[in-house]
Each structure stands twice: as structure tokens, then as C-alpha cells.
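The chain below stands alone and is given in C-alpha cells; this is the form predicted on its own.
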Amino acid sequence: MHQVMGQVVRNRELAAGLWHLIVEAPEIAARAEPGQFAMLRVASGLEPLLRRPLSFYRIARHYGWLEFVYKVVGRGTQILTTRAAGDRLDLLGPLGRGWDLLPGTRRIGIVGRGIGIAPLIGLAEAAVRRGIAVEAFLSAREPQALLGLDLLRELGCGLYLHTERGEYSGRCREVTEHLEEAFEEEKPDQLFVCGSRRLGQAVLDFSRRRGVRSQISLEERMACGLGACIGCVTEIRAEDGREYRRVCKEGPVFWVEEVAMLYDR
């Protein structure tokens, strides 16, 4: 883990309320893995006091760049939109546990909705570099919020898309219908999901029925990002009952069968 002053390379709006931030921070980029995150200080003063956790969208080690996609949801992220190329940003990272591509994996599915697509894009890149085929099952409220489509097409990933309105609406009720159809004859080796509890539950159900190892990235409010404040715990199923683990430290990636809330209907 490093605390560094990175330099903003680019910060632009992709769609309404969705921003793409690129920061040059080679010390963190050299060690970062898909699924991990960084804590960003968005202002130089004490207001807002806490850093903001952002998952890595892409990691460009050869440039020393970290890419993030963030959604404007409050004062902190609104302040972040004012950062321009050349500005300095205080980053802490890489933090947390990233995705696990198991030995022998040949074909995976990534399942994401809205801003939850962001941490899956770097995973898709890493998988393709290892010769693993990737099928992407992505959904959003509108087509403009489907992140990373051009990159996924360049990588040769299969795309199964659903939106509530616009170009990809009306073909199915939800994107998980595509999941069943795409893997009807041959199951994937692994599934990876981020975006909503409902999607996580759908992947858990699919995984239990088809015998697939699957992981989920959880989204929680984080104060420190280091595991010290114990403010972002989630309930985990264990052999002797249930226990709590810190999303920022033991996560944000967990095996789907571990996550207790996915069993609560």
C-alpha cells in the first residue's frame, strides 16, 4: 500500500452523472490488481474529511495510470468533478482483495449493472491477456451508462446487453435471462458480478445449480479503507454459523456462497 500524490491526466463526464478519471500514480499502478480500489482525498482541506473509495476501472502499468469511473452521488464526488488535468490528488492504495482467476479457467462471465460494471472491465482485460474467453452480461438504466463497451468489443468479448429504455430495451426482462441462454449447453468456469443484490442472488442461484465458482464485489460505505474503523462489515456464512468481515480488508471481493445477504429474500 502506498500513499502518493498522483496527477490528474483526464477527468471527463461519460454520461449524466458518470465520470471517467485518469490519474498518474505509478507506485500504485505497479501493484494494483483488478477488483482492488483506492481511497481518494477529494479536497485539500478538512471538508469533506473522509476519503472516497473508488474501484479500479483499468490499470495501465506501462503509463503508470489508474483509471476510475465514478458516479456523482454527494458533495465529495461533486468536488471530484472539478479536478482538471494537471491537478494533484492524494491517493491511498492499492487496497482490498481483488478478483481470483482460478488455474485452468478457460471461459468466464462478467455480470454487472450501472456503476457496478466498472470493476469488471479490468478483470476482462486481464482474462483476455491470459487467453480466457469472456462473455459480458451488462445492464443499465440507459445505453449511455453501459460502461466499457468499445473496449470489450476490441477484446473480442461476447456482449449481452439490457437497458430499461433505449437501444437494448424490450429484448428481455432482465440481463440474467441472457446468462441462462448463453450458458445453456456449456457452463462457464467462473462468474464475476457487481452491481446489485438482485444480480448477486441471480449469480448465486446459477452457480449453485450449475456448479460454478463465482465471486461478487460488494459496495459499502467506507471511512478508512484500511479495516481499522470496522465500519464496512458484511455478514459471512461460516461452518459454525455466521461471522462478520470487513469489506475494505477481507473484500471487496468475496465468493458468492459466503455472502449471507444473498440468501435473504
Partner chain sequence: MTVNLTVKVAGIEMKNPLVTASGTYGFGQEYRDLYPPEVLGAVVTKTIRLRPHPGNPPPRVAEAPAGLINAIGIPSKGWDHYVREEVPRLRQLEVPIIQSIVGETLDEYVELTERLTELGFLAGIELNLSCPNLRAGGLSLGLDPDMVYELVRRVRAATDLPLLAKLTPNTADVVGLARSVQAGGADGIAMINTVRAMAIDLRTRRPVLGNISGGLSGPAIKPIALYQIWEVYEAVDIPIIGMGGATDYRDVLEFILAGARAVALGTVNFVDPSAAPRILRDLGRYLEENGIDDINDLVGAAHRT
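What you see is a predicted model; the values in this text were computed from it and never measured. Numbering follows the first chain given and starts at 1.
Just so you know, the form predicted together with its partner chain exists too; it's not on screen, but the next bit is about it.
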{"query": "Site test, 75, 224 and 233 vs its partner chain in the model of the complex, non-hydrogen atom cutoff 4.5 Å", "finding": "yes"}
{"query": "Single option in 220, 33, 27, 205 placed near its partner chain in the model of the complex, where near means a heavy atom within 4.5 Å", "finding": "220"}
{"query": "Interface segment, criterion being heavy atoms within 4.5 Å of its partner chain in the model of the complex, picked from 194 to 202, 63 to 71, 208 to 216, 47 to 55", "finding": "47 to 55"}
{"query": "Non-hydrogen atom contact residue 228 with its partner chain in the model of the complex at 4.5 angstroms", "finding": "yes"}
{"query": "Its partner chain contact in the model of the complex: residue 20, any heavy atom under 4.5 Å", "finding": "no"}
{"query": "Touches its partner chain in the model of the complex: residue 92 (any heavy atom, 4.5 Å)", "finding": "yes"}
{"query": "Its partner chain contact in the model of the complex: residue 260, any heavy atom under 4.5 Å", "finding": "no"}
